[in-house]
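Presented as structure tokens, the chain that follows is alone, the form predicted on its own.
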């Protein structure tokens, strides 16, 4: 991991979580999912755009049959959550009596997760859980705390590994935290 600050648009970010730490956490989460859903019909629902790298790595680490689908919602503008969720691409999978795990890059306020869970619950799944790489307990106001958490982090803005700042930075292999002025 680079030890240097990086610049994205008008903001500076410093190294926060390394690629190797991320991959260790992803492997641990994948093993937990394999164990908990052994013998069950598992459907993973990844939240786009941010969770695409996390979802890809989780799928590569799961050593059993699992289906994956994607939904796209939006709740961020710049570095702040907008406080609302706009569904852009809907759910198309049959979820009745299936075990659904939502894959999310980051859970902060819980607004997105609560909206997605309500949409999924309308389809009569056997169960619904959340697996997130990052969780901000200080910012969380939702009803559905993630069951599977890679890292609990402070309520600071982060970028990299799928997360962006105004659409840039998703391609970084590690995570960076916003440098406060």
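Model, not experiment: these values are computed from the prediction. Residue numbers count along the first chain shown, from 1.
The same protein has a further form, the form predicted in complex with guanosine-5'-monophosphate (5GP), not shown here; the description that follows concerns it.
Contact annotation for residue 31: none of its heavy atoms lies within 4.5 Å of guanosine-5'-monophosphate (5GP) in the predicted complex. The closest heavy atom approach of residue 100 to guanosine-5'-monophosphate (5GP) in the predicted complex falls outside 4.5 Å. Using a 4.5 angstroms limit between non-hydrogen atoms, residue 71 is distant from guanosine-5'-monophosphate (5GP) in the predicted complex. At a distance threshold of 4.5 angstroms between non-hydrogen atoms, residue 91 is out of contact with guanosine-5'-monophosphate (5GP) in the predicted complex. Look at 38-46, 151-159, 116-124, 62-70: in the predicted complex, residues with non-hydrogen atoms within 4.5 angstroms of guanosine-5'-monophosphate (5GP) sit in 151-159. Contact annotation for 96-122: residues with any non-hydrogen atom within 4.5 angstroms of guanosine-5'-monophosphate (5GP) in the predicted complex are 104, 105, 106, 107, 108, 109, 110, 111, 112, listed in sequence order.
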